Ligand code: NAD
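Here we start with a single chain on its own, the form predicted alone, put down as structure tokens.
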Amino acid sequence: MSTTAAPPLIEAFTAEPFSAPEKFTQFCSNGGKPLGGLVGGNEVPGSMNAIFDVINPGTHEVLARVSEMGYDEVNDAVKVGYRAFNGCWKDTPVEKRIALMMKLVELFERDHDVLMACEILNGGKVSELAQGDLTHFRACAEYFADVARGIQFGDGGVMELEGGMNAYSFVEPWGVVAGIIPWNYPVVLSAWFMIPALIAGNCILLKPSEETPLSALYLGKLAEEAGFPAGVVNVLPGRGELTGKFISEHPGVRYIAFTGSPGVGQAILQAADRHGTRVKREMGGNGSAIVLADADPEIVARMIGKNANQHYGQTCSTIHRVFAQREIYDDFLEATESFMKNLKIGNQAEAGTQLGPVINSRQPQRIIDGIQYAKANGAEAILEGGHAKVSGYDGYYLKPTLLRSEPGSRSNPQEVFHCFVNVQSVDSVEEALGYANDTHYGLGSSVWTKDLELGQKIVKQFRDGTGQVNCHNTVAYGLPYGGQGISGGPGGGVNCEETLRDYLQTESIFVAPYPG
């Protein structure tokens, strides 16, 4: 008698208990002084005399006080960056740059618990997700080390042209480049910028979000300990409208990698374009999922629910829009409701928490506005969402939101950035694709079906940078992660060979015999 094994139970990302290690507490206290930016190997207090509090969003506890960097610090960082670039860094052999990076990886892993504290206590993540985020640092470094070993640096092969002329390409780093990093994945997105930029031979300005600057500041200290020359790694904490603006307007910054909202990305592009700075942007999404009639509604509801709740929906390609074929629509909606209403809301450092706090005091109202907009445009609330109380904690907690709406309803056209799912029924794949592609965004979408061949045909028709069959929020080193529409561009995304090439410039050299 044969038996069929029961499918594994799919649970949301879940917290284990966590408390701050002493090394994190000492780092944050900084001897009683605000943490400064890192410029040219020195901690600097900032010329604007502006200090901001860095908090735990689950408790409102002030973790650290940080100095905001102004124009003078940005300008100084550019100067010392070029001093290091021209003095030694651009001529440092690739293998030595890789060796320094791998030393940084070792220090990162040595201080794993400190970085976990940054992600959990400052970023608001549950430990299961934070742990996965930290594994990216080594994976990213090892991938780009391999890529760099296969890329031409310096002179290329010589072509012989007419009249005795020779020509060849000359490849070198830009010089000083900047990464403007958001608050939702501070370690991952810092790695995706700084590792290829540094291995390519650039000096960097790392501008973390004012919400989550601790991991970037700690990485800057580790880079100094690893032996990176002074001026190669500079960290400039501050608000986007000030520090970020000064970076995007500075003519000495040759390339900017930005992740954030479409509005800010457009502003950075316009400012940088005045002096010809290249800009690569990833600007969020409004992810969709198509559920075909052959899918098991219980299993797929839990898988989609887990992805919709990854970092409480504060992930750029989060599933907000679901299009389920009519045959399983009711069962899928019921299973999704069961999964979402049973999410354990709590503090991110407390055992068992699955839905923790959003990042700051502004986000709850933004999310509630999104819920009200959807309802005003025809969506029916199955789970209302709204504020949640967590006993013993004064944080930014919200309930999950589950909506149903009529086919074709555009009741949530914008990115909501929370555990917010709107489900519509569809009669056909063609109908679902039309609705899924009816958005200005284009970061990532998925199809859920037992028919893998059909699933692949469908995802190739998404107007997204990433198409996924029976998975979502998926990345792999060697494949580009980027967006279409207002979600991204230009360039080939991150995590691929083209990413490292983005941090290099190519000049064509022609040499003719001296006449006469």
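When you see a residue number, it is the position in the sequence shown, counting from 1. No experiment lies behind these values; they were computed from the predicted model shown.
Below: the form predicted together with this ligand, not depicted.
Taken together, E241, F417 and L443 are fully in contact with this ligand in the model of the complex: each brings a heavy atom within 4.5 Å. Shown alone, this chain has one stretch from 147-155, 389-397, 260-268, 293-301 that lies within 4.5 Å of this ligand in the model of the complex by heavy atoms: 260-268. Proximity of N309 to this ligand in the model of the complex falls outside the 4.5 Å heavy atom cutoff.
Put simply, M283 is close to this ligand in the model of the complex: some heavy atom of it is within 4.5 Å. Contact check for Y255: no non-hydrogen atom falls within 4.5 Å of this ligand in the model of the complex. Among heavy atoms of K90, none comes within 4.5 Å of this ligand in the model of the complex. Taking a 4.5 Å heavy atom cutoff to this ligand in the model of the complex, the contact residue among K245, K221, H112, H275 is K245. Between the options E337, E210, D133, D76, the residue in contact with this ligand in the model of the complex by a heavy atom within 4.5 angstroms is E210.
Residues of 164-201 that come within 4.5 Å of this ligand in the model of the complex, judged by any heavy atom, are I180, I181, P182, W183, N184, L189 in sequence order.
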